[in-house]
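Only one chain comes next, encoded as structure tokens, the form predicted alone.
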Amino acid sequence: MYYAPETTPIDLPTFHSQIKLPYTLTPGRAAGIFLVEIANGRIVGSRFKDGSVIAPAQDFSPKDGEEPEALVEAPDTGELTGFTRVDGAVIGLIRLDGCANAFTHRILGELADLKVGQRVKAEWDGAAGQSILAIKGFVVAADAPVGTVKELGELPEPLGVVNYAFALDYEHAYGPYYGRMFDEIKQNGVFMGVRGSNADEALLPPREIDDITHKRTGTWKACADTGTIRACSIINIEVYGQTRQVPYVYAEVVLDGASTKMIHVIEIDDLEHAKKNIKPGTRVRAVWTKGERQGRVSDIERFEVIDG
């Protein structure tokens, strides 16, 4: 009998992980021209029918949704209207001369030296290219003359696509339940679940509280690496980011001895054969990856149909 932990400790060792998402952004006409011109040391804004100017340039008025009457060049000087400190950097709201809105950017200075109403001027970074970071930040410039909005002249082609990569770093602790499950996968090639509060079948992944009764779960139970398909779908269309060659089956499998589903894949060679033979009720067996296991669900490379 394998007893479950008495409770889940609060302080547990963590490991570093990251969620990463590369993507492309289509900025649109106004923002696309803004990005092209900022590399040339010019701030592009939008002028609307009421005479108001907003920078960075926008394709529609935030007040009434109307399109701008023209794109113009805004000054790189203005007045500090608000500021705060974020992760050691000072972020300010700057009302550029001749503009009706606040331009958000970094302030290059100490928080204690700043006051609302101070004159500021952009400091440029010629190496930053087509990015808002072409403005390194704004510095206090008490003697900066008041700039005026200018006509932009012949408009360049807007920047069509911007490549981005979003990354979120975080610290994660498996805890005693997930920790035991992954340790058993790595060391013994066994899936360990915990019994429900009123049943012998195991919950996978293991957890401290039963989802149905909301009571503490019971003792540990080893589950087989064979099971039954409860639901499945044949994937036959390639999409961006796909890591497996189509076709394959995406299936929900209940391992023998468990009461909950594990989502995994079944590789197939013949599409028509799969349509006839892979369905709810089909028996399958785990195929473990070769070499050293890592303590992950991906240590199961795939499931295969059990003949007969």
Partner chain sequence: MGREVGIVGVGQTHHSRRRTDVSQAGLVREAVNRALADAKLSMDDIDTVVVATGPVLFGGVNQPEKWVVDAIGAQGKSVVRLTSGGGAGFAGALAGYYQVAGGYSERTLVVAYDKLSEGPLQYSISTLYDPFWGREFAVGIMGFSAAYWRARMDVLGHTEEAAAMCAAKNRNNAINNPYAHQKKAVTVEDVLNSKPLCWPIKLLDVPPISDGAAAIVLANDKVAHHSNSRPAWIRGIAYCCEADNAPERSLMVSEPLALASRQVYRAAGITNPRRQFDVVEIQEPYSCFELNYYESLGLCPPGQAADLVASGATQLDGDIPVNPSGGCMGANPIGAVGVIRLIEAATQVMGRNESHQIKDAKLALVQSGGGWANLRGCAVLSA
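Note that the structure is a prediction, hence the values are computed from the model and not measured. Residue numbers count along the first chain shown, from 1.
The form predicted in complex with its partner chain is left out here; the points below concern that form.
> Mark Ile278 yes when one of its heavy atoms lies within 4.5 Å of a heavy atom of its partner chain in the predicted bound form, and no otherwise.
Taking the distances in the predicted bound form, the answer for Ile278 is yes, it comes within 4.5 Å of its partner chain.
> Can Thr226 be called a contact residue for its partner chain in the predicted bound form at 4.5 Å between heavy atoms?
No, Thr226 stays farther than 4.5 Å from its partner chain in the predicted bound form.
> Does any heavy atom of Ala39 come within 4.5 Å of a heavy atom of its partner chain in the predicted bound form?
Flag for Ala39 set to no.
> Does Asp256 make contact with its partner chain in the predicted bound form, using a 4.5 Å heavy atom cut-off?
Answer no; every heavy atom of Asp256 is more than 4.5 Å from its partner chain in the predicted bound form.
> Which of these stretches, 121 to 129, 143 to 151, 218 to 226, 171 to 179, has heavy atoms within 4.5 Å of its partner chain in the predicted bound form?
Answer to the contact question: 171 to 179.
> Relative to its partner chain in the predicted bound form, which residues of 205 to 234 have a heavy atom no more than 4.5 Å away?
Contacts from 205 to 234: Pro205, Arg207, Asp211, Ile212, Arg230, Ala231, Cys232, Ser233, Ile234.
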